[in-house]
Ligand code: SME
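A single chain, nothing else alongside it, follows as structure tokens in the form predicted alone.
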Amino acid sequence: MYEELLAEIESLVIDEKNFVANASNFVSHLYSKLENISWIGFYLLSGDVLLIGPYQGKPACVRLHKNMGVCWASVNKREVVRVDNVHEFPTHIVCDAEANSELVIPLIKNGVIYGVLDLDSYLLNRFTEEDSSNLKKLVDTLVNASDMQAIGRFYGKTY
């Protein structure tokens, strides 16, 4: 499945450099293809908050304040963070009370972090190590195809 998704994502971003355009198609495509995903979207660094970007799913938290939640854990660690049960994560931010598991992948290009891709599921233990590594490859494809410096200038702060 992930090999097919990689080819599909590559075809969506190959001729476009605008991150917002690419990210919009990216989340829409993955939301339609992945099973048991309740929400998928981007949070982009803007000052000391993560600001919501393109997403699919229910309305969500607009701003995630620094050092709170799974998304900030991913930013601070600069790595993928997988949580089998979000109710056990000490600083979890509840945007959807029905979400039970979460996977967050940082957006890093040339050593600079611009934000994260966040995936939620109503299932406990929804995300596997295979999901983590393959979704990171998909995110890297998106980030490498996109002009991330432009998005960094627009949002105002990267790490």
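All values derive from a computational prediction rather than experimental measurement. One-based numbering along the sequence shown.
Omitted here: the form predicted in complex with ligand SME. The next part is about that form.
> Is the gap between residue 44 and ligand SME in the predicted complex 4.5 Å or less for some heavy atom pair?
Contact with ligand SME, no.
> May I ask you to check whether residue 81 falls inside a 4.5 Å heavy atom distance of ligand SME in the predicted complex?
Residue 81: no contact with ligand SME in the predicted complex.
> Is residue 39 a contact residue for ligand SME in the predicted complex, using a 4.5 Å heavy atom cut-off?
Looking in the predicted complex, residue contacts with ligand SME include residue 39, since a heavy atom lies within 4.5 Å.
> Taking the shortest heavy atom distance, is residue 115 within 4.5 Å of ligand SME in the predicted complex?
Residue-level check for residue 115: no, no contact with ligand SME.
> Report the stretch among 22-30, 128-136, 106-114, 93-101 that approaches ligand SME in the predicted complex to within 4.5 Å, counting heavy atoms only.
Comparing against ligand SME in the predicted complex, the contact stretch is 93-101.
> Pick from 51, 34, 123, 60: which residue has any heavy atom within 4.5 angstroms of ligand SME in the predicted complex?
For this set of options, the contacting one is 60.
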